[in-house]
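What follows is one chain in structure tokens, specifically the form predicted on its own.
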């Protein structure tokens, strides 16, 4: 397990901490492998009853490390580190909670759609700038967001890619509670301990029933998104967007049709 993803087991809760603060917790393929391994370990360990994903008081994740993803995805989506992690998260049988502060960009927002409870600091800025980078939605967001918040609001967030606040996320029903940043993790952990104290099989069955209506459609959507995301990574639009990002300028999409 890379030291850029830290795990700690305490009182039947597995805390998974993204720990790359010098790069705003930007995620690499190796980090996705570690995140997926943590979920597999939680599933196999009968003493773990809840998983908590978190970062720091200042940052959850700035999304994918563009330098790591500029060359595309290695293989079919479900076999890539990011695809494996997302499918493990979407099909997790034990409750998953997230404590989010600061930037929650790209997958830093879409992964939250698979969590059972989400707590965010009032310093959180959510954003899904896929189209801004010449890419497309991932993580099942093109299915889950419209069903949660309505198509037109989902289209605005996914097509324009603007940032939105924790208060906005609360009003949209994406998070459970807005916290002071220094209290976010403790608040989330309190809910983890409450979940861990519940009848474990009852919690698993409840989660299964909550996910059952959309699970197969979600899997199909994630596969379709993943295939298109991999293709978009190799597109001229993405190349322009990534180049503009490195040069700290706005991308120029005027020459594309």
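Numbering follows the first chain given and starts at 1. What you see is a predicted model, and the numbers here were worked out from it, not measured in a lab.
The following text describes the form predicted in complex with ligand COA, which does not appear among the structures shown.
Asks: Just give me the single entry in 130, 126, 85, 119 that has a non-hydrogen atom within 4.5 angstroms of ligand COA in the predicted bound form.
Replies: That would be 130.
Asks: Considering 188, 26, 195, 31, which brings a non-hydrogen atom within 4.5 Å of ligand COA in the predicted bound form?
Replies: Looking at 188, 26, 195, 31 one by one, just 26 meets the 4.5 Å heavy-atom criterion.
Asks: I'd like to check something about residue 95: if you look in the predicted bound form, is any of its heavy atoms closer than or equal to 4.5 Å to a heavy atom of ligand COA?
Replies: No, no contact at 4.5 Å.
Asks: Does ligand COA get within 4.5 angstroms of any non-hydrogen atom of residue 226 in the predicted bound form?
Replies: The answer is no: residue 226 has no heavy atom within 4.5 Å of ligand COA.
Asks: So, in the predicted bound form, is residue 105 in contact with ligand COA at a 4.5 angstroms heavy atom limit?
Replies: Yes, residue 105 sits close enough to ligand COA in the predicted bound form that at least one of its heavy atoms falls within 4.5 Å.
Asks: Residue 37: heavy atom within 4.5 Å of ligand COA in the predicted bound form?
Replies: Outside the cut-off, so no.
Asks: Please state whether every one of the three residues 112, 171 and 178 places a non-hydrogen atom within 4.5 angstroms of ligand COA in the predicted bound form.
Replies: Checking in the predicted bound form: none of 112, 171 and 178 is within 4.5 Å of ligand COA.
Asks: Heavy atoms within 4.5 Å of ligand COA in the predicted bound form: which stretch among 40 to 48, 216 to 224, 195 to 203, 59 to 67?
Replies: Partner-contacting stretch among the options: 59 to 67.
Asks: At a 4.5 angstroms cut-off on non-hydrogen atoms, which residues of 221 to 257 are near ligand COA in the predicted bound form? List them in order.
Replies: Those in contact are 245, 248.
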